[in-house]
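Subsequent text provides structure tokens for two forms of one protein chain, presented individually as structure 1 and structure 2.
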Structure 1
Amino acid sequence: MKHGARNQITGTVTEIKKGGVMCQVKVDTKAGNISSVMTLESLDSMGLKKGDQVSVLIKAVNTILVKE
């Protein structure tokens, strides 16, 4: 699949929290834990489940760093 995202990290799905319409999918990667929010329809279409290996594509317009 072609895409424009430059940041790609592989990981394992560790948790899926389902809501009424959306879900949060947590992925454990070498870079740390990453969460993604998607519709339940997308989750079902992808057939994602806990333990699946996935690629996390990250493309952000803004990245904000804060030093406390």
Structure 2
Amino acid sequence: MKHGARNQITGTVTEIKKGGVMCQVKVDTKAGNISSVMTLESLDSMGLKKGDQVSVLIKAVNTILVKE
């Protein structure tokens, strides 16, 4: 599978917090903990659970650089 997102970070799902419509999935990566928010429906259709290996895709336009 090839995709048009410039950034891809692999990791392991460590926690899933569910709200009424959305959920927050935490992924342990080499760059530390990364959180992803998606709909509960997407979570269900992926069958995502703790321990799963995943890739985090991030389009380059969806990042903001900060310089101290």
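Note that the rigid core is defined as the largest set of C-alphas that superpose within 1.5 Å between two forms. Numbers given to residues start at 1 and step along the sequence of structure 1. All figures in this text were calculated on a predicted structure; none of them were measured in a lab.
Label of the structure corresponding to the form predicted on its own: That would be structure 1, which is the form predicted on its own.
C-alpha of residue 46 moved at least 2 Å between structure 1 and structure 2 on rigid core: Not so; residue 46 is displaced by less than 2 Å.
Is_shifted residue 60 between structure 1 and structure 2 (CA, 2 Å cut-off, rigid core): Yes, residue 60 moves 2 Å or more.
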